[in-house]
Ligand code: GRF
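We begin with a single chain expressed as structure tokens, specifically the form predicted on its own.
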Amino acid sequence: MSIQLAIFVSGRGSNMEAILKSIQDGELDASVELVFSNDPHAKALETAKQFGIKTASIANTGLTRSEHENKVRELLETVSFDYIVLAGYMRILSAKFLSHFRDPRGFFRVINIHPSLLPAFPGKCAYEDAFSYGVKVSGITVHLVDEQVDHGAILAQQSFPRLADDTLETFKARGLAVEHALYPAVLREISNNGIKLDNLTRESIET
């Protein structure tokens, strides 16, 4: 079953691009109805336009979170979508905003990717935090968004090793490669089989 997506980005949008390529290559049965950014100058918006995707931006500068989210919600009312996909969106979504996208089964129809094996290393500096801690194994998590930051039911996790000669840059590059494969794969599973509540867990699910 094809799914409709609204993708939220704040920067270059490499995960967004991986999703768009997966759709273009016929690997993911989905359509992206909108790519939205809180930064009008985000590189991801130009990339999305190259794929022929509708884009929009609403700068958050000078707005309260509530004011900004109200404008975003008004924008979303102009498009049809099944899921909001966060792909490097650097804004925390409030419980009030999320409440407008609650599935009848209880979860929010908002999906996020995070560069650690949650619940370890939440926050925006996960790669740096994991590397500084000295982990031997790190990983990537795709999860449903809830009212807490980098929390919510885990859809999939995939680990990758930290090598002895890794720099932070090579460590992050290895993680990004995993991100770019895992996110489209999770969306493909949702497209094929939906979200199975009995498979969701706060514990790790190795893929």
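Because the structure is a prediction, the values reported are computed rather than measured. Heads up: residue numbers just count along the shown sequence, starting at 1.
FYI, the form predicted in complex with this ligand isn't displayed, but the following is about it.
Residue contact check for E69: none of its heavy atoms lie within 4.5 Å of this ligand in the predicted complex.
Residue contact with this ligand in the predicted complex: A87 places a heavy atom within 4.5 Å of it. Using a 4.5 angstroms limit between non-hydrogen atoms, R12 touches this ligand in the predicted complex. Using a 4.5 angstroms limit between non-hydrogen atoms, A156 is distant from this ligand in the predicted complex. With the partner omitted here, the residue from I53, L176, L63, V149 that has a non-hydrogen atom within 4.5 angstroms of this ligand in the predicted complex is L176. This chain lacks the partner; the member of L93, V110, L117, I113 within 4.5 angstroms of this ligand in the predicted complex by a non-hydrogen atom is I113.
Across the options 176-184, 55-63, 24-32, 163-171, residues that bring heavy atoms within 4.5 Å of this ligand in the predicted complex belong to 176-184. Of the residues in 150-166, none comes within 4.5 Å of this ligand in the predicted complex through any heavy atom.
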